[in-house]
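First, one chain by itself: the form predicted alone, in structure tokens.
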Amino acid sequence: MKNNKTNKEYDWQKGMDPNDIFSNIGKLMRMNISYGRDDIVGFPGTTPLNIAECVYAEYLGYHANNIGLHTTGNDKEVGFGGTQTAEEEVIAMAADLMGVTLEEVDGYISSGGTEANFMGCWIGRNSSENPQKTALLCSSLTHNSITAKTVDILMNRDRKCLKLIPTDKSGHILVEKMIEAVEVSINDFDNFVIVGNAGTTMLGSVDDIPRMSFALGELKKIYPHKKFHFHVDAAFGGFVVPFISNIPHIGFRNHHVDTITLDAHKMGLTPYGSGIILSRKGLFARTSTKAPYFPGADASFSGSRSGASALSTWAAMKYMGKDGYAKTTQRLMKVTSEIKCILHNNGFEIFKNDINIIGVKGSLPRWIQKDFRVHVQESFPENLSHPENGKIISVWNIVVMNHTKPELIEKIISQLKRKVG
């Protein structure tokens, strides 16, 4: 949309009255979506817990800077011990979700999954003495924070470093194809960063992390002079998968998993700005940099970070507990099943899903996409086992969050039928 505002409307030479400020903010916020409405279909977010909102608002004004890692015992800015301790406890709880204790991992609260995924791949790339000879292996369904941004920054835009692994028709990486991709490229690269997905964006598919981990262990034996790093993107699934009994463990109990992303501001029900990156103990040394004004070193990408995010994330996780997250997951998976039945009974073709994300084949009219806030991918690979063949289809998805009701999907279907009729 063309911006028709004049320079005068952007003028801020003189300060604005607080009442006018709040009046203008009210107008701006009416342009945003509201999770309380019944028209949000494909957004992987929902209203944060009230206690998390209150804690964030209450302590934001303290302006605590949580720069550094607080799991190492030494990389700490002086004066913010309280919020640093809260962040350390968040990392401990996230580690527990991923099957280990705080003593076995390092990590921090990031700006979100994009930064966390970048960090995981950065740590992996720097495992080699020659990081420029690194290959990045993932599926075509892996998040663009890895397939686009990480390749752009870490691989110097060299798309030859990106190797897309085929998946089955439900979006799970074919482990034998992963092994094949490594073996085909073994003479061209010294280092291999492999990404497993625990909740793909459009399909909600969770890769078989244990099988991938075992295969990487075998590859390490065969090619002892090569480096291998296994990163798991559980940005969405990190607070879901641990509570679904039929999905194998995605965390550090798999011996060759090195780093994991999990976003608290998705299914963790915290405010945005609370992604989490975990690594096995000591791996952050690969990204550590010295700053003359800062005690110790900073291994994070973001540097300065809000202590209020640490407090609100701590509050949400303590309030919910593992029992609370388990109950939420069970309830949402039940709603997911109900919605799948509605879609199936009305002739929609859907993908097999693992978590509370449903991928639906076919496009949707523009008016539906606008009225119901649907995410549609018009360039989805038709054949996921051969995504390079260039044939594409349209896919839209339903992300089942706390605000999602089966009646919403019935409403969309009803309106589609009425329009067609």
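Computed from a prediction, not measured in an experiment: that's the story for all the values here. For every residue, the number given is its place in the sequence shown, counted from 1.
Form predicted together with a small molecule: not shown, discussed below.
Enquirer: Looking at H143, K76, H256, K227, which has any heavy atom no more than 4.5 Å from the small molecule in the predicted complex?
Expert: Going through each option in turn, the one that passes is H143.
Enquirer: Considering N117, S139, S279, T270, which brings a non-hydrogen atom within 4.5 Å of the small molecule in the predicted complex?
Expert: None of the others qualify; the residue that does is N117.
Enquirer: Quick check for you: of 163-171, 310-318, 230-238, 93-101, which stretch puts a non-hydrogen atom within 4.5 Å of the small molecule in the predicted complex?
Expert: Stretch 230-238 is the one.
Enquirer: Closest heavy atom of G124 to the small molecule in the predicted complex, within 4.5 Å or not?
Expert: G124: no contact with the small molecule in the predicted complex.
Enquirer: Is D263 part of the interface with the small molecule in the predicted complex - any heavy atom within 4.5 Å?
Expert: Because a heavy atom of D263 falls inside 4.5 Å of the small molecule in the predicted complex, the answer is yes.
Enquirer: Please run the contact check for P44 against the small molecule in the predicted complex: heavy atoms, 4.5 angstroms, yes or no?
Expert: P44 belongs to the contact set for the small molecule.
Enquirer: Quick check on G112: any heavy atom within 4.5 Å of the small molecule in the predicted complex?
Expert: Yes - in the predicted complex, heavy atoms of G112 and the small molecule come within 4.5 Å of each other.
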